[in-house]
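Below sits a lone chain in structure tokens, taken as the form predicted alone.
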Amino acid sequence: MKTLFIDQTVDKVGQEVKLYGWVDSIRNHKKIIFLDLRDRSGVVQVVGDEKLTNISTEDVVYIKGLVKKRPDKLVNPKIKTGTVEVEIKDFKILGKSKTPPMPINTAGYEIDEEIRQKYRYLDLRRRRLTNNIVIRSQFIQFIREFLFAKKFIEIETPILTESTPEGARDFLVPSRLQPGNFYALPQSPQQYKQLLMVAGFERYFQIARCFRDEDPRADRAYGEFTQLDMEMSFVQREDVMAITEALMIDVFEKMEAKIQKKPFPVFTYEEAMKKFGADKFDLRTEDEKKQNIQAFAWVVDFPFFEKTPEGGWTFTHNPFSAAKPEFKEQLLKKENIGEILTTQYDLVCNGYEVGGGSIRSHEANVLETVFEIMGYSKEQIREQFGHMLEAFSYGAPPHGGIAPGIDRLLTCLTGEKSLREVIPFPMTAGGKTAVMNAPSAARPKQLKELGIKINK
């Protein structure tokens, strides 16, 4: 088993070490050959003789050698191991590599996306992307540490579930055991996390996989994304905002990011629209953008409902939200619908909406009224949401939560321009999976088992 990572060689001067990794580059000076050996943690210079001539870039190798301190004039300050080099005593090629279909020693932005996604396992070898994925792992670790310390419980919710009205198209999965019926992949764990509050867990979180069949753009990956899902009982809006803000400050500063303002500025939706013309905005100066400063802010007091093209009403954010307390009676009476404000709060950072949440409806009559305003009949409400109304009849606590987007937060943290640069295996802009050839045609046997016929 590999016991030493390359970045640890700086502490092994004068010792013989065993290293495993990929050949990042080769410099042949005839009798002396220099290799840069790479693993997940970094690169180190390796020095050998003409026996290394059979080694090619991207070969996987084992090297045994002596760690030596470099002369002061040959120190490379650009890398962690720049003060040392390894003199080879023995080596073995463990896996030969063909010539890669694209350069790996560049940032990669100049390479066609289709090529990068087809060979994503090679694309991920480039230092920039390796660092991004390592940062992602550390980021999620710090989130978990913070929330566990606050007595949150991590709970997984189902992936195969029922379609819910959350503003985007669902991905549907046909049922073999119940022909003609379909599961939906969750756009969020919205109903399950509320049911966990009814169940009495009080503080829940998960690093949740979510699915939406909507058009891709730079700040939204097609198909699937990852969010931090949090829900808390016995809280008000300010409580959820406070713990979320403390989490962001704690995690971002552990990642050595600089935050523009603490506490985060708070704008009403009306103020944001008047000042910025949008409810997501970038508060940074041009100089702060160059420094990748993180400028967080809150937006609150959103309208609960907005008009549909047909002249009816729909929710602006989430139908499971509660109205602000002073608007509750208006909601129940279905009066002044366009003036009702919700308890929704959005977290923005550097021009992105990086999270949204609300205090939820925990009373059956309130939730039922929301769907009635949206034009649902009593029968439709009972059919689609009867389980929620039933659950609320058994003593539901007041509760609320938020769902910051992991991918968007990491885009801000790393300074990348696209979410795909912080996701290990993202889909292309055209909706194709990385490396594997999906979506693809189902086999006739599969379609027969599902009772599905394809009309061409």
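Residue positions are given as counts along the sequence shown, with the first one as 1. Since we're looking at a predicted model, the values are computed, not measured.
What comes next is about the form predicted in complex with a small molecule, which does not appear here.
Within 4.5 Å of the small molecule in the predicted bound form, a heavy atom is found for none of Thr244, Gln294 and Arg408. Proximity to the small molecule in the predicted bound form, defined as a heavy atom within 4.5 Å, singles out one entry of Ser361, Asn350, Thr343, Gln190, which is Gln190. Of the listed positions (Gly223, Gly356, Pro303, Pro174), a single one reaches within 4.5 angstroms of the small molecule by any non-hydrogen atom in the predicted bound form, namely Gly356. Although the partner is absent here, Gly401 lies within 4.5 Å of the small molecule in the predicted bound form, judged by heavy atoms.
In the predicted bound form, at least one heavy atom of Arg212 sits within 4.5 Å of the small molecule. Only one listed stretch (115-123, 264-272, 307-315, 182-190) carries heavy atoms within 4.5 Å of the small molecule in the predicted bound form, and that stretch is 182-190.
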